[in-house]
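Given as C-alpha coordinates, the chain that follows is alone and in the form predicted alone.
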Amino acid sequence: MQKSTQGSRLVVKNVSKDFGNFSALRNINLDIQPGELVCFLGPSGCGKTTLLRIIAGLEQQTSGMLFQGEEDISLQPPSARDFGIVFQSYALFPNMTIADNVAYGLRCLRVPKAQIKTRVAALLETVGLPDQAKKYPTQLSGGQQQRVALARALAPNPGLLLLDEPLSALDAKVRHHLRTEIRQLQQKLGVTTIMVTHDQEEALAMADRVVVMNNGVIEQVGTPMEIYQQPASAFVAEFIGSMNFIGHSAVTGRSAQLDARVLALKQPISVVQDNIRLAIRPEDVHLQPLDGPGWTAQVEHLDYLGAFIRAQVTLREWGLSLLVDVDPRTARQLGLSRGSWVNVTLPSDSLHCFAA
(Lines give C-alpha, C1' and ligand atoms only; values in the text may rest on other atoms or scores of the structure.)
Protein backbone atom coordinates (compact mmCIF):
# COMPACT_ATOMS: atom_id res chain seq x y z
CA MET A 1 0.00 0.00 0.00
CA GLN A 2 1.42 3.33 -1.08
CA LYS A 3 1.83 5.84 1.73
CA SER A 4 1.28 9.48 0.83
CA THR A 5 2.30 12.37 3.03
CA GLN A 6 -0.26 14.77 1.58
CA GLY A 7 -3.21 14.89 -0.76
CA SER A 8 -3.14 15.40 -4.50
CA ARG A 9 -3.63 18.59 -6.46
CA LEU A 10 -6.69 18.43 -8.72
CA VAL A 11 -7.12 20.62 -11.79
CA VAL A 12 -10.40 20.82 -13.71
CA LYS A 13 -10.09 22.51 -17.13
CA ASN A 14 -13.03 23.70 -19.21
CA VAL A 15 -15.25 20.78 -18.18
CA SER A 16 -18.77 20.70 -19.63
CA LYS A 17 -21.46 18.03 -19.43
CA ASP A 18 -24.52 17.74 -21.65
CA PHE A 19 -27.44 15.37 -21.26
CA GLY A 20 -29.09 15.62 -24.66
CA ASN A 21 -30.10 19.26 -25.08
CA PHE A 22 -29.61 20.00 -21.38
CA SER A 23 -26.29 21.49 -20.22
CA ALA A 24 -25.62 20.25 -16.67
CA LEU A 25 -22.17 21.87 -16.53
CA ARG A 26 -20.70 24.68 -18.61
CA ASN A 27 -16.98 25.45 -18.81
CA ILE A 28 -15.97 24.56 -15.25
CA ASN A 29 -12.43 25.53 -14.22
CA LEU A 30 -11.00 24.73 -10.79
CA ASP A 31 -7.58 24.38 -9.20
CA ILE A 32 -7.76 22.50 -5.89
CA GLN A 33 -4.54 22.53 -3.90
CA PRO A 34 -3.02 19.60 -1.97
CA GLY A 35 -4.54 19.26 1.50
CA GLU A 36 -7.48 21.61 0.84
CA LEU A 37 -11.05 20.90 1.84
CA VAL A 38 -13.26 22.40 -0.87
CA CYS A 39 -17.07 22.39 -0.73
CA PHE A 40 -19.28 22.38 -3.81
CA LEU A 41 -22.32 24.31 -2.62
CA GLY A 42 -25.56 25.12 -4.39
CA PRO A 43 -29.26 24.33 -4.75
CA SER A 44 -30.60 21.04 -6.10
CA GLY A 45 -29.92 20.66 -9.81
CA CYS A 46 -27.04 23.16 -9.90
CA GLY A 47 -24.53 20.55 -11.17
CA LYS A 48 -22.45 19.97 -8.03
CA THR A 49 -23.08 16.21 -7.83
CA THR A 50 -22.52 15.79 -11.58
CA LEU A 51 -19.14 17.51 -11.20
CA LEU A 52 -18.18 15.23 -8.30
CA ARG A 53 -19.16 12.15 -10.35
CA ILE A 54 -17.03 13.36 -13.27
CA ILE A 55 -14.05 13.80 -10.93
CA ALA A 56 -14.63 10.24 -9.67
CA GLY A 57 -14.96 8.86 -13.20
CA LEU A 58 -18.53 7.71 -12.54
CA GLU A 59 -19.72 10.13 -15.23
CA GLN A 60 -17.90 11.10 -18.44
CA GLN A 61 -17.57 14.79 -19.26
CA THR A 62 -18.73 15.94 -22.71
CA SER A 63 -15.63 18.12 -23.04
CA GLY A 64 -12.73 19.30 -20.93
CA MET A 65 -9.87 17.69 -19.00
CA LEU A 66 -8.97 16.65 -15.45
CA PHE A 67 -5.51 16.32 -13.89
CA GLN A 68 -4.65 14.72 -10.56
CA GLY A 69 -1.14 15.74 -9.69
CA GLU A 70 0.70 15.61 -13.03
CA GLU A 71 -1.47 12.81 -14.41
CA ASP A 72 -4.22 13.30 -16.99
CA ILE A 73 -7.17 11.32 -15.61
CA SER A 74 -9.76 12.68 -18.07
CA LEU A 75 -10.53 9.27 -19.60
CA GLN A 76 -9.45 6.96 -16.79
CA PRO A 77 -12.01 4.57 -15.26
CA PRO A 78 -12.85 4.97 -11.56
CA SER A 79 -10.66 2.00 -10.61
CA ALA A 80 -7.58 3.77 -12.01
CA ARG A 81 -8.16 7.03 -10.13
CA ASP A 82 -6.60 7.67 -6.73
CA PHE A 83 -9.64 8.56 -4.60
CA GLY A 84 -11.85 7.34 -1.79
CA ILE A 85 -15.54 8.18 -1.75
CA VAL A 86 -18.19 8.44 0.97
CA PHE A 87 -21.85 8.48 -0.03
CA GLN A 88 -24.86 9.95 1.72
CA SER A 89 -26.29 6.45 2.21
CA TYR A 90 -23.03 5.08 3.76
CA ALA A 91 -23.15 2.08 1.30
CA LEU A 92 -21.69 -0.30 3.88
CA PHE A 93 -21.90 -4.06 3.27
CA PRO A 94 -24.52 -5.28 5.78
CA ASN A 95 -23.21 -8.87 5.77
CA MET A 96 -19.67 -7.80 6.70
CA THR A 97 -18.31 -6.80 10.09
CA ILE A 98 -17.06 -3.27 10.63
CA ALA A 99 -13.47 -4.47 10.34
CA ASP A 100 -14.21 -6.26 7.05
CA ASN A 101 -15.97 -3.19 5.65
CA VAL A 102 -12.94 -1.02 6.38
CA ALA A 103 -10.58 -3.68 5.00
CA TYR A 104 -12.52 -4.19 1.75
CA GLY A 105 -10.51 -1.80 -0.43
CA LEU A 106 -7.24 -3.06 0.97
CA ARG A 107 -8.13 -6.66 0.12
CA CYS A 108 -8.98 -5.58 -3.44
CA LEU A 109 -5.48 -4.10 -3.64
CA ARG A 110 -4.03 -7.42 -2.34
CA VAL A 111 -2.41 -5.77 0.67
CA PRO A 112 -0.81 -8.38 3.03
CA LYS A 113 -3.11 -9.52 5.86
CA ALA A 114 -0.82 -8.26 8.62
CA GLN A 115 -0.78 -4.76 7.11
CA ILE A 116 -4.56 -4.82 6.68
CA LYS A 117 -5.08 -5.72 10.34
CA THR A 118 -2.77 -2.91 11.49
CA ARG A 119 -4.32 -0.35 9.12
CA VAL A 120 -7.91 -1.23 10.08
CA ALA A 121 -7.14 -1.01 13.80
CA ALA A 122 -5.43 2.36 13.34
CA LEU A 123 -8.31 3.78 11.30
CA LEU A 124 -10.99 2.61 13.72
CA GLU A 125 -9.00 4.24 16.49
CA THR A 126 -8.75 7.43 14.42
CA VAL A 127 -12.52 7.65 13.82
CA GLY A 128 -13.30 6.85 17.46
CA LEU A 129 -14.60 3.29 17.01
CA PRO A 130 -11.78 1.08 18.33
CA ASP A 131 -14.14 -1.38 20.03
CA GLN A 132 -16.64 -1.83 17.19
CA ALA A 133 -14.58 -4.01 14.81
CA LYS A 134 -16.61 -7.21 15.30
CA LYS A 135 -20.04 -5.59 15.07
CA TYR A 136 -22.20 -5.30 11.95
CA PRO A 137 -23.43 -1.99 10.42
CA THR A 138 -27.02 -2.49 11.66
CA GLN A 139 -25.71 -2.55 15.24
CA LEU A 140 -24.31 1.00 14.92
CA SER A 141 -25.99 4.40 14.89
CA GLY A 142 -26.13 6.50 11.73
CA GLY A 143 -23.26 8.67 12.89
CA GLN A 144 -21.13 5.62 13.69
CA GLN A 145 -21.90 4.07 10.29
CA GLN A 146 -20.80 7.26 8.56
CA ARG A 147 -17.50 7.12 10.47
CA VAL A 148 -17.01 3.54 9.26
CA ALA A 149 -17.70 4.66 5.68
CA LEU A 150 -15.10 7.39 6.15
CA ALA A 151 -12.54 4.92 7.52
CA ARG A 152 -13.17 2.58 4.57
CA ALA A 153 -12.63 5.43 2.07
CA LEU A 154 -9.38 6.41 3.80
CA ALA A 155 -8.02 2.87 4.15
CA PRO A 156 -6.09 2.76 0.83
CA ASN A 157 -4.55 6.16 1.69
CA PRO A 158 -6.03 7.97 -1.33
CA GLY A 159 -4.72 11.26 -2.65
CA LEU A 160 -8.27 12.56 -2.97
CA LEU A 161 -11.31 12.09 -0.72
CA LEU A 162 -14.77 12.69 -2.21
CA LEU A 163 -17.73 13.26 0.12
CA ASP A 164 -21.20 13.22 -1.48
CA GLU A 165 -23.66 14.88 0.96
CA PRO A 166 -22.07 12.76 3.75
CA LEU A 167 -24.04 14.24 6.66
CA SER A 168 -27.48 14.97 5.20
CA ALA A 169 -29.05 11.74 6.48
CA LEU A 170 -28.14 12.49 10.10
CA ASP A 171 -30.03 14.51 12.70
CA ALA A 172 -28.88 18.06 13.44
CA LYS A 173 -26.93 17.36 16.64
CA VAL A 174 -25.02 14.38 15.22
CA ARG A 175 -24.39 16.26 11.96
CA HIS A 176 -22.90 19.23 13.82
CA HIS A 177 -20.63 16.98 15.90
CA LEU A 178 -19.53 14.80 12.98
CA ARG A 179 -18.67 17.71 10.70
CA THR A 180 -16.20 18.92 13.33
CA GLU A 181 -14.69 15.44 13.57
CA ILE A 182 -14.39 15.09 9.79
CA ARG A 183 -12.70 18.49 9.49
CA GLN A 184 -10.20 17.71 12.26
CA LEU A 185 -9.45 14.29 10.73
CA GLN A 186 -8.99 15.80 7.26
CA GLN A 187 -6.56 18.40 8.61
CA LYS A 188 -4.66 15.76 10.57
CA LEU A 189 -4.26 13.45 7.55
CA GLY A 190 -3.74 16.24 5.00
CA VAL A 191 -5.88 14.50 2.39
CA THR A 192 -7.27 16.72 -0.38
CA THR A 193 -11.04 16.63 0.09
CA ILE A 194 -14.03 17.66 -2.02
CA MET A 195 -17.42 17.70 -0.35
CA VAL A 196 -20.79 18.22 -2.02
CA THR A 197 -23.44 19.86 0.13
CA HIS A 198 -26.55 22.01 -0.14
CA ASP A 199 -26.15 23.13 3.50
CA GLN A 200 -24.53 26.56 3.57
CA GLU A 201 -23.74 26.41 7.30
CA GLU A 202 -21.94 23.11 6.76
CA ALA A 203 -19.89 24.52 3.89
CA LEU A 204 -18.94 27.71 5.74
CA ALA A 205 -17.95 25.77 8.88
CA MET A 206 -15.83 23.09 7.19
CA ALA A 207 -14.29 24.40 3.98
CA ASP A 208 -11.00 26.11 3.19
CA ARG A 209 -12.74 27.32 0.05
CA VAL A 210 -16.32 27.21 -1.16
CA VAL A 211 -17.38 26.75 -4.80
CA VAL A 212 -20.87 28.25 -5.17
CA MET A 213 -22.68 26.76 -8.17
CA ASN A 214 -25.92 27.65 -9.94
CA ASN A 215 -27.45 26.37 -13.18
CA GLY A 216 -24.31 24.48 -14.22
CA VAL A 217 -21.83 27.33 -13.74
CA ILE A 218 -19.58 28.55 -10.93
CA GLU A 219 -20.88 31.79 -9.44
CA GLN A 220 -17.96 32.34 -7.05
CA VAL A 221 -14.97 30.58 -5.50
CA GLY A 222 -13.55 31.90 -2.24
CA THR A 223 -12.94 31.38 1.45
CA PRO A 224 -16.06 31.22 3.63
CA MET A 225 -15.40 34.79 4.79
CA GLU A 226 -14.99 36.06 1.21
CA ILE A 227 -18.15 34.30 0.06
CA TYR A 228 -20.18 35.76 2.92
CA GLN A 229 -18.72 39.25 3.16
CA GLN A 230 -17.96 39.88 -0.52
CA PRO A 231 -20.57 38.01 -2.59
CA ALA A 232 -19.81 38.27 -6.30
CA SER A 233 -23.43 38.16 -7.46
CA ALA A 234 -26.96 38.66 -6.20
CA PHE A 235 -27.43 34.88 -6.30
CA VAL A 236 -24.48 34.27 -3.94
CA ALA A 237 -25.63 37.08 -1.65
CA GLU A 238 -29.12 35.60 -1.40
CA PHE A 239 -28.09 31.93 -1.21
CA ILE A 240 -25.42 32.39 1.48
CA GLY A 241 -27.01 33.63 4.68
CA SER A 242 -29.79 36.23 4.69
CA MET A 243 -29.72 39.41 2.64
CA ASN A 244 -31.98 42.46 2.36
CA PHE A 245 -32.40 43.72 -1.20
CA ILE A 246 -33.32 47.38 -1.02
CA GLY A 247 -34.48 47.86 -4.61
CA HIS A 248 -33.41 49.30 -7.95
CA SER A 249 -31.31 52.44 -7.92
CA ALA A 250 -29.19 54.65 -10.13
CA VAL A 251 -25.55 54.62 -9.04
CA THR A 252 -22.72 57.05 -9.79
CA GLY A 253 -19.40 57.64 -8.06
CA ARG A 254 -19.80 56.83 -4.36
CA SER A 255 -23.55 57.39 -4.12
CA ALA A 256 -26.78 55.61 -4.98
CA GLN A 257 -30.06 57.38 -5.70
CA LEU A 258 -32.98 55.54 -4.12
CA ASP A 259 -36.25 57.43 -4.51
CA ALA A 260 -35.53 60.85 -2.95
CA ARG A 261 -32.69 59.52 -0.80
CA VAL A 262 -28.97 59.39 -1.58
CA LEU A 263 -27.03 56.53 0.02
CA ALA A 264 -23.25 56.53 0.31
CA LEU A 265 -21.32 53.54 -1.08
CA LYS A 266 -18.10 52.01 0.19
CA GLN A 267 -16.67 51.35 -3.29
CA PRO A 268 -16.80 54.01 -6.04
CA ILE A 269 -18.63 53.18 -9.27
CA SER A 270 -16.79 54.49 -12.34
CA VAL A 271 -19.83 55.16 -14.55
CA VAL A 272 -23.51 55.88 -14.00
CA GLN A 273 -25.49 52.64 -13.84
CA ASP A 274 -29.24 52.35 -13.86
CA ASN A 275 -31.27 49.48 -12.47
CA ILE A 276 -28.83 48.48 -9.71
CA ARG A 277 -29.85 46.37 -6.71
CA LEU A 278 -28.54 47.48 -3.33
CA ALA A 279 -28.26 44.91 -0.57
CA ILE A 280 -27.29 44.70 3.11
CA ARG A 281 -27.00 41.86 5.62
CA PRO A 282 -29.50 41.86 8.54
CA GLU A 283 -26.69 42.09 11.10
CA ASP A 284 -25.33 45.22 9.37
CA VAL A 285 -28.56 47.22 9.64
CA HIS A 286 -28.42 49.51 12.71
CA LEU A 287 -31.38 50.31 14.91
CA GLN A 288 -31.44 53.57 16.88
CA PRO A 289 -33.86 55.20 19.33
CA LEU A 290 -36.47 57.44 17.70
CA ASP A 291 -34.48 60.57 18.57
CA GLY A 292 -31.41 59.14 16.81
CA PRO A 293 -30.32 59.41 13.15
CA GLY A 294 -31.87 57.46 10.28
CA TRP A 295 -35.28 56.62 8.87
CA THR A 296 -38.31 55.91 11.02
CA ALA A 297 -39.47 52.29 10.99
CA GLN A 298 -42.06 50.16 12.76
CA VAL A 299 -41.38 46.68 14.14
CA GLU A 300 -43.72 44.21 12.42
CA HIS A 301 -42.42 40.91 13.81
CA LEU A 302 -39.78 39.49 16.19
CA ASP A 303 -38.16 36.05 16.14
CA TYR A 304 -36.09 34.98 19.16
CA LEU A 305 -33.21 32.87 17.79
CA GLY A 306 -31.12 32.39 20.93
CA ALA A 307 -27.92 34.39 20.42
CA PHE A 308 -29.78 37.11 18.53
CA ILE A 309 -33.24 38.43 17.75
CA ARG A 310 -34.38 38.87 14.15
CA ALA A 311 -36.74 41.82 13.70
CA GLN A 312 -38.78 42.58 10.63
CA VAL A 313 -39.22 46.34 10.33
CA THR A 314 -40.96 48.53 7.75
CA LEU A 315 -39.51 51.91 6.87
CA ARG A 316 -42.36 54.40 6.97
CA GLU A 317 -40.95 56.67 4.24
CA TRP A 318 -40.27 53.92 1.67
CA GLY A 319 -42.73 51.23 2.69
CA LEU A 320 -39.63 48.99 2.57
CA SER A 321 -39.44 45.86 4.74
CA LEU A 322 -36.05 44.89 6.20
CA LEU A 323 -34.74 42.06 8.38
CA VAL A 324 -32.54 43.27 11.23
CA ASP A 325 -30.49 41.08 13.59
CA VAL A 326 -29.87 42.53 17.06
CA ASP A 327 -28.44 41.08 20.25
CA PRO A 328 -30.86 40.62 23.18
CA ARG A 329 -29.23 43.42 25.21
CA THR A 330 -29.73 45.98 22.41
CA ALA A 331 -33.29 44.76 21.91
CA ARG A 332 -34.02 45.40 25.61
CA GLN A 333 -32.41 48.85 25.52
CA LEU A 334 -34.54 49.82 22.51
CA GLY A 335 -37.66 48.29 24.03
CA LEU A 336 -38.27 46.28 20.86
CA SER A 337 -41.75 44.80 20.62
CA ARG A 338 -44.28 44.28 17.89
CA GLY A 339 -45.64 47.67 16.86
CA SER A 340 -42.84 49.72 18.45
CA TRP A 341 -41.00 52.45 16.52
CA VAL A 342 -37.25 52.84 15.94
CA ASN A 343 -34.90 54.64 13.59
CA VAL A 344 -32.87 52.69 11.00
CA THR A 345 -29.45 53.50 9.52
CA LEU A 346 -27.69 51.70 6.66
CA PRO A 347 -23.88 51.99 7.05
CA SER A 348 -22.19 52.74 3.74
CA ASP A 349 -19.39 50.23 4.35
CA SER A 350 -21.96 47.43 4.55
CA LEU A 351 -23.90 48.15 1.36
CA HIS A 352 -23.46 45.79 -1.59
CA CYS A 353 -24.19 46.69 -5.20
CA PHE A 354 -25.41 44.19 -7.84
CA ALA A 355 -26.66 44.40 -11.39
CA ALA A 356 -30.43 43.98 -11.41
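Predicted model, so just to flag it, every value in this text is computed and none were measured. Numbering starts at 1 and runs along the sequence shown.
Form predicted in complex with a small molecule: not shown, discussed below.
The stretch from 317-325, 303-311, 284-292, 38-46 that comes within 4.5 Å of the small molecule in the model of the complex, counting heavy atoms only, is 38-46. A24 is the sole member of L10, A24, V342, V15 with a non-hydrogen atom lying within 4.5 angstroms of the small molecule in the model of the complex.
The partner is absent here, but in the model of the complex a heavy atom of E165, alone among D208, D82, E165, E226, sits within 4.5 Å of the small molecule.
Proximity of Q68 to the small molecule in the model of the complex falls outside the 4.5 Å heavy atom cutoff.
Contact annotation: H198 falls within 4.5 Å of the small molecule in the model of the complex, judged by heavy atom distances. In the model of the complex, at least one heavy atom of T50 sits within 4.5 Å of a heavy atom of the small molecule.
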